[in-house]
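Below you'll find only one chain, the form predicted alone, shown as structure tokens.
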Amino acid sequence: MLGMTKKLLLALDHIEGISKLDVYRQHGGYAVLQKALKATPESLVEEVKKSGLRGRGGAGFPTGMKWSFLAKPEGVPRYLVCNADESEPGTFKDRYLMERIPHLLIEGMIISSFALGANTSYIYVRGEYYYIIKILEKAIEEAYAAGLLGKNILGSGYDLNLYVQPGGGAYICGEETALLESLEGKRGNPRIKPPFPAVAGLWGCPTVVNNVETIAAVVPIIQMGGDEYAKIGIGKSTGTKLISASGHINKPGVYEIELGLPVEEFIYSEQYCGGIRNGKKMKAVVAGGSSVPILPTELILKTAAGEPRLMSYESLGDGGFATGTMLGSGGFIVYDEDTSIVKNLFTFARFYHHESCGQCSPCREGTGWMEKILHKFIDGHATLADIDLLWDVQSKIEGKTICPLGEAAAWPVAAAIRHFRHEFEAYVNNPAAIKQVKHYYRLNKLEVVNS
């Protein structure tokens, strides 16, 4: 066991009134900002590089490297945009961070903006998080009044204006270029890349887009130094990570873990998820939000080589999608032995069909096609040939779209068939299974669509 994780992001979340500026400052808030403003922007970027921090929104790209790509043409403004459009099913850790400790994000935004040479920055918040928007706006107002935002911050000569922008409630706007399109007032369609945002982002200017957790992590990195931060975690998975734990577990919630924690310990220890509820056995886990491949119990607890599976980018991805998955955004969904993988997949497929922007034909047509085929399984009209058809459709989406939404829709389908093909076959061969699912839909007043 790794023991108790040293909390870096949620160390203050238990303190009453921590969302208020005076309470946050009483517990050391904005002291790191004072330290950062005395350093050079280049040295701050170097500390983030040395920390090994990887993007916490899902892609896991090295943050310092991303910052170093930012173009710096003379006379052209640069922007930092915080991606708070937390729309991945199963993920809710950014919401918790913004709700409980909004000034941690704001302090991270100011430090990161200073490091990047940005004088205007934005927090793009998922539209459904309206109450979070109000919390952030109040915190920003407090920061302006205290001289932490605006002109000549803390007498440093550095100016920064920070704005909160509500999103339109579209999953696609979690993709950084679609987010920028939406921020500019246009329809949230992903852009063709290159050029990448670091060269031509918001209003055609150099832009960095980072996730809420990523920006918040900059504060402890500058506080302790990049080298010290890199000692936490394992290998290239450095630092701590917020995990949104949900599903059939005894203790759902948001947990801050040290990367490298064994998956089995995370699921079964009382410190974290507390095991499977009602004494059931675990059947499968979606480890990083709905878009990552689902793994059965035997593969989520151990790698194909028989080693304990760890909560890290490398260990969860070990073996590729044949035997592995992804850490993704940290949306950790646990399923017990009574779960219907087919029914769960149908729910995911409906979501991705609804959220496709329709710009790419494979995604626009393929997501709808997959949903219709899964309707057939749920409604008892499927044949064994439909399993192969479903596999064929998902394979024609992956890697053939402008943005990763196509992969997000295809990977869960491929993994479900790869690891649970017998369940699809049971829906074809066992009428009792279909009757049970229809009964579930009637009880929950959900529509079963005839295909």
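Each residue number is its position in the shown sequence, starting from 1. Computed from a predicted model, the values in this text were never measured in an experiment.
What follows is about the form predicted in complex with a small molecule, which we do not show.
Distance check, P41 to the small molecule in the predicted bound form, heavy atom within 4.5 Å: So P41 does not count as contacting the small molecule.
I'd like to know if E258 sits close to the small molecule in the predicted bound form, meaning any non-hydrogen atom pair within 4.5 angstroms. Answer no; every heavy atom of E258 is more than 4.5 Å from the small molecule in the predicted bound form.
Look up in the predicted bound form whether F266 has a non-hydrogen atom within 4.5 angstroms of the small molecule, and give yes or no. Result no; F266 lies far from the small molecule in the predicted bound form.
Please run the contact check for G58 against the small molecule in the predicted bound form: heavy atoms, 4.5 angstroms, yes or no? Yes, G58 is a contact residue.
Please pick, from T240, N211, S121, S315, the one residue with any non-hydrogen atom lying within 4.5 angstroms of the small molecule in the predicted bound form. None of the other options qualify; the answer is N211.
Looking at A115, I172, V285, L345, which is the one with a non-hydrogen atom within 4.5 Å of the small molecule in the predicted bound form? Selected option: I172.
Contact segment among 296-304, 96-104, 77-85, 150-158, judged by heavy atoms lying within 4.5 Å of the small molecule in the predicted bound form: One stretch meets the cut-off, namely 77-85.
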